[in-house]
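Okay, so here's just one chain, in structure tokens, the form predicted on its own.
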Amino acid sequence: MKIKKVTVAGSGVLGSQIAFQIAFKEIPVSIYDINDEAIIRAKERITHLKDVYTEEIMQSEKEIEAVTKGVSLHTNLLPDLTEAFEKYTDDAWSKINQAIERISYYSSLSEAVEESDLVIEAIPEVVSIKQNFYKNLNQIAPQRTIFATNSSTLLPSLFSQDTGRPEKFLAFHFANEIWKHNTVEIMGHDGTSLEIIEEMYQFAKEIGMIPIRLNKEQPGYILNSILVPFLQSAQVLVMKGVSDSETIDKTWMLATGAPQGPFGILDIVGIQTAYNIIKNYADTSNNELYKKLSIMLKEEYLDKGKLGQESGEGFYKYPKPKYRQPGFLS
């Protein structure tokens, strides 16, 4: 089965990125979120992503112009680099404009999925919310439809029975800012069909991703198995009063040459997502450190509206909020 239409459930930071990238690759996408207010915010995010993709292409044009300036090729034997690149950029401009037209919006899940070959779930990292979502989704989605979770840290086996179609369910995890960090980790569970894994591997390539196949289940996949402990370690340093977020970021960036520190990354990811992960760890492990850290994030940041870049303030302040505060399905 070739995937011809996709539904993305959850229009938060990453859900919106996933939807836009798929539409950019000329596949129709339905975005689902829980109410009309969330849909309004989804449209704002999609409009912003159109600007982001436009800026990326303009920057690439400048870089190519700088590289090819003064370069003379034998055009009878080799293609003119400038003309060749212009052909690809013209195509990209067209795809950006058409991507907006390929995206539809729904606050009704049944309407959003009625013709979908694939549903990518990008809702909060809360076990009960995901379980209820999949139980409902199974009742209304076509039997052919593949279900994929973009969960940051939760295993697909935790929800496989709730889906009602475990053989067609797997994890399909994107890295944030997917227009440049274009990886997707593909992780099945013991009951996932090998044919479905292969189909999603091919789909990942169709939408411009580099597919990374995992051989077995791992909380956090490869990326977040490394990234989440790193981010948590930085948060613990702040919680214990060892140092402040800016100094920690500066230390990491100077010592490693990294373009961002852990708190800059957290502001991009969104503090609500970081809180959901920590809270789940606290609830399932009864670990006092995780409990204290979740309380700190809630009281010092979430309760004060400091959600990260898209609210205008997180661990840092930003000159202008990119969006209004995110919806429930972030």
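Note that the structure is a prediction, hence the values are computed from the model and not measured. One-based numbering along the sequence shown.
This next part talks about the form predicted together with a small molecule, which is not shown.
Exercise for the section: Name the stretch: of 250-258, 120-128, 190-198, 234-242, exactly one has residues whose heavy atoms fall within 4.5 Å of the small molecule in the predicted complex. Expected result: In the other structure, the partner sits against 120-128.
Exercise for the section: Tell me, yes or no, whether F203 is in contact with the small molecule in the predicted complex, where a contact means a heavy atom of each within 4.5 Å. Expected result: Contact with the small molecule, no.
Practice task
Evaluate H173 for contact with the small molecule in the predicted complex, applying a 4.5 angstroms cut-off between non-hydrogen atoms, and reply yes or no.
Solution key: Judged by the heavy-atom cut-off of 4.5 Å, H173 is in contact with the small molecule in the predicted complex.
Exercise for the section: Find out whether any non-hydrogen atom of T273 is located within 4.5 angstroms of the small molecule in the predicted complex, and reply yes or no. Expected result: Yes, T273 sits close enough to the small molecule in the predicted complex that at least one of its heavy atoms falls within 4.5 Å.
Handout entry: Heavy atom of I34 within 4.5 Å of the small molecule in the predicted complex
Key = Residue-level check for I34: yes, a contact with the small molecule.
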